[in-house]
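In structure tokens, one chain follows: the form predicted on its own.
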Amino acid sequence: MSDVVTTRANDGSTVEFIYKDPMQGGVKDCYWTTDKSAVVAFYRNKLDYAGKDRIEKLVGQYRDGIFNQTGGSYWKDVFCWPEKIVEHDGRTGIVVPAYDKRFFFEADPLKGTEKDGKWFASAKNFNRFVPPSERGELRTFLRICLQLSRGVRRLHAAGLAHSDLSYRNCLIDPKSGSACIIDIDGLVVPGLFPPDVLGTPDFIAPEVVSSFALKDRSKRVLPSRSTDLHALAVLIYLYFLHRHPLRGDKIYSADPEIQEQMEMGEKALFVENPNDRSNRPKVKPEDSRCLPWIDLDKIPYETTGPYLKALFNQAFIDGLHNPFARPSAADWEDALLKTSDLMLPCDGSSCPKRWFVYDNKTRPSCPYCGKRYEKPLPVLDFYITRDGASFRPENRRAMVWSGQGVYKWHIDRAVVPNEKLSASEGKRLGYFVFHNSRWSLVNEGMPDLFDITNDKPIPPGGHIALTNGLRLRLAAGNTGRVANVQIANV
């Protein structure tokens, strides 16, 4: 093929790509490699010294620091990270892995389209265009947010900031609960590499928007790790609730540009702020395609559970105009993990989310379809003990549903299910089953499971019926958890 170009990358490897019909991005022209395993993206404009230095560090120092450390293999699915640098025809390019096929729609009307987050963040897009088979469940959206939080946490730990975190730069797959952060070559290194862009509307932090109009450019606020945290909070809110946390009904000006500056900048106000309801949107007749997501009375942010609600308050009330008060990516990661243990399956035939977060009621109902949860509902409240006699509540609990697994991170608070989790730590240790109108915990691999209430061990291979008030030691040692069983609807 006359259009095939063979060149040598900076690491000495050979790269073959088809140099025609480029896919055009904002600043790059992209060409498929001959085996379609990667894309070669050439910058249209010649890079200056700082630009070349940035991408050299990204494919070298920073890539090595993330991918070649403990748990590094985990990040291959979370980041679409540049791997090599090439030069051709006087242009500089980077070699970037192709997106996994799960990040492309499989069904009409969007078949073949990239699954960037805009299709799932907007209620109108979500309801109108996304095929029902690809809308996912509440539980898979939680996994997406968990991966994004981990990715941002890892970038920040490396001293980097994305600078343009948005649904454009995050591909997601609600079917599998997967996410991939893209456009890595624009990463910000504070004090070394400034941002190339100010961000994407809807995700730009208020302090950045407020500084747009300043004539003195030196006083403008630029994207940083703290602005990433605003964008991350917006993404999580969008993916759980399919509406924007700041775009409400409050009007500041008839001029669209001034309205945008006020609404998203200086006067930004959380639509669900309990202390100021002036920006709360009202459901209009023309909004029928966006229901139920835009109806704050029908689907309030309380439906995300106590841990996420607290962080939404911190992000959009305390930290909206105070960057130092925003929750960190690690805070979101912890809250999402705790929320995952509060989820219950919904067996409503028309339920759009299939799961919901337990709301602490004795007779919970799914907020998305109204179906009442009918089975007896055991709740495990976790406690910490150091001496086996005194117990301190951990502010953490887990719901019980049929087939739910028990893992190392449930029984031992020193174990966290993140990128460093070993294969042995990820093995299921037990599960819950509903039989003859009662719940039981089956012990598959918990050597120290002990019935404190009745003073007897439950060895691996055994099981125990869950009764109201039952107290179980899940693991021995200072970091082992004790679970107190409550049957919520008896």
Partner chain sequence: MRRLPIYILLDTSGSMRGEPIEAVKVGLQTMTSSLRRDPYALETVWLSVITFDLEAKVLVPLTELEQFSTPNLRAPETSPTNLGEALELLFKRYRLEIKKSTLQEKGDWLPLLLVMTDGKPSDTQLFNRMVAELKNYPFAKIIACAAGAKAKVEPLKALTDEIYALDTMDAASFGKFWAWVSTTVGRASLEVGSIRIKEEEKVPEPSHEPPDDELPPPPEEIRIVF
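Residue numbers count along the first chain shown, from 1. Predicted model only: the values in this text are computed from it and were never measured.
The same protein also exists as the form predicted together with the partner chain; that form is not shown, yet it is the one meant from here on.
Trainee: Which of 126 to 134, 395 to 403, 413 to 421, 373 to 381 has heavy atoms within 4.5 Å of the partner chain in the predicted complex?
Mentor: Among the listed stretches, the partner-contacting one is 126 to 134.
Trainee: Please tell me whether any heavy atom belonging to D183 falls inside 4.5 Å of a heavy atom of the partner chain, as the geometry stands in the predicted complex.
Mentor: Because a heavy atom of D183 falls inside 4.5 Å of the partner chain in the predicted complex, the answer is yes.
Trainee: Is K427 close enough to the partner chain in the predicted complex to count, meaning some heavy atom within 4.5 Å?
Mentor: So K427 does not count as contacting the partner chain.
Trainee: Would C351 count as touching the partner chain in the predicted complex under a 4.5 Å heavy atom rule?
Mentor: C351: no contact with the partner chain in the predicted complex.
Trainee: Would you classify N45 as touching the partner chain in the predicted complex, given a 4.5 Å non-hydrogen atom cut-off?
Mentor: Within the cut-off, so yes.
Trainee: Consider the chain as shown here, without its partner, and state which of R363, K76, R386, R289 has a heavy atom within 4.5 Å of the partner chain in the predicted complex.
Mentor: Only one listed residue qualifies here, and that residue is R289.
Trainee: Only one of S390, N322, T113, S278 gets a heavy atom within 4.5 Å of the partner chain in the predicted complex. Which one?
Mentor: The residue from S390, N322, T113, S278 that makes the contact is T113.
Trainee: Indicate whether the candidate residues W119, V209 and Q259 are all in contact with the partner chain in the predicted complex, with contact defined as any heavy atom within 4.5 Å.
Mentor: Yes: W119, V209 and Q259 each sit within 4.5 Å of the partner chain in the predicted complex.
Trainee: Any residue of 47 to 65 with a heavy atom within 4.5 Å of the partner chain in the predicted complex counts; write them all down in order.
Mentor: The stretch 47 to 65, when checked against the partner chain in the predicted complex, contributes L47, D48, A50, G51, R54 at the 4.5 Å heavy-atom cut-off.
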